[in-house]
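Quick setup: one chain, the form predicted alone, written in structure tokens, and binding and motion questions come after.
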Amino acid sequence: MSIVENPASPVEYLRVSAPAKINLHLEVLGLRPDGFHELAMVMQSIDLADLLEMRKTQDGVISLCCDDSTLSTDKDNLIIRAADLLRSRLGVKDLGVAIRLEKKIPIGAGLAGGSSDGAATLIGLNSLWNLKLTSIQLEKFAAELGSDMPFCLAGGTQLCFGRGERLEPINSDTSKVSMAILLVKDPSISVSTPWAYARCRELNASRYLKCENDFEHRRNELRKESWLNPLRASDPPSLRNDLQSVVASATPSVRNALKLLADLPGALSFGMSGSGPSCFALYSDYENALLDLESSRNIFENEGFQTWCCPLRFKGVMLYS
């Protein structure tokens, strides 16, 4: 199986890897004129990925099936929405595709699984349908579909501003980064992202920054963080997440997850990803993460948590022939 960076000719079948993300930093700066929150984030891809298999069809039908029966495969799924957007905007309604989704990223977990699947669809269909769209064009389509989706296209480690769609890649030597995470989630719990931000506004609006100059000052402060370039175990991220206290106060399983992660002896730091409910501990390397997981697996299972060990990943969506 070979990685396809830029296929030289049209193909009939592709597999696409769609990795999850975590937030190493999520700071709610204030409110934008459009009513959404202005954010300053550092997003990081991890090596936990869904797999999309795509086969070109000649019947003009977009179809989706999934090995997880709890996931909707109708028009509300971002895979279908991404494919429909490409066809309608580019006037290629005669093109069809049959997509099979192998789901590895937990659903409703704050890990951008749906956004990554949508980004994988854009990249996969750009190749499968021979659309010849540029990365800038794909990013514009992605931004229309969701705030996390532009990041998911290229992935890696990126500063993300605005609603999350304004990206600044971190140009560090990733060959020397071996960091990993231990990830936990209660499969019975999900958190509404709109609720989390609305509740954050209720509790914290009086402390929000008020103007673009203040927003830009905080962005510059984040750009200068010592831990950011390069990522390294000797100066690990502090894992700020302004939604964590909001969600944890209303979600006992998040509070419990954070407590259990705090007790892990090898962890560098720990926190919640996105709007939750997934939480994670950061490690210097995969071996140390796995060691803590093996020694604590029964504790997590007894508390009802699913667990994963994942190295950090420095690419986003990837095509395979």
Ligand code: C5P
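Remember, it's a predicted structure, so these values are computed and weren't measured experimentally. Sequential numbering from 1, following the sequence displayed.
Just so it is clear, the following notes concern the form predicted in complex with the ligand, a form of the same protein that is not shown.
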Given that the ligand is left out here, which of 43, 257, 54, 39 has a heavy atom within 4.5 Å of it in the predicted bound form?
39
Which one of 130, 193, 238, 137 is close to the ligand in the predicted bound form, taking close to mean a heavy atom within 4.5 Å?
193
Thinking of the ligand in the predicted bound form, which stretch from 118-126, 246-254, 144-152, 86-94 has heavy atoms inside 4.5 Å of it?
144-152
Does at least one non-hydrogen atom of residue 219 fall within 4.5 angstroms of the ligand in the predicted bound form?
no
Using the partner position in the predicted bound form, report whether residue 197 sits within 4.5 Å of the ligand, counting heavy atoms only.
yes
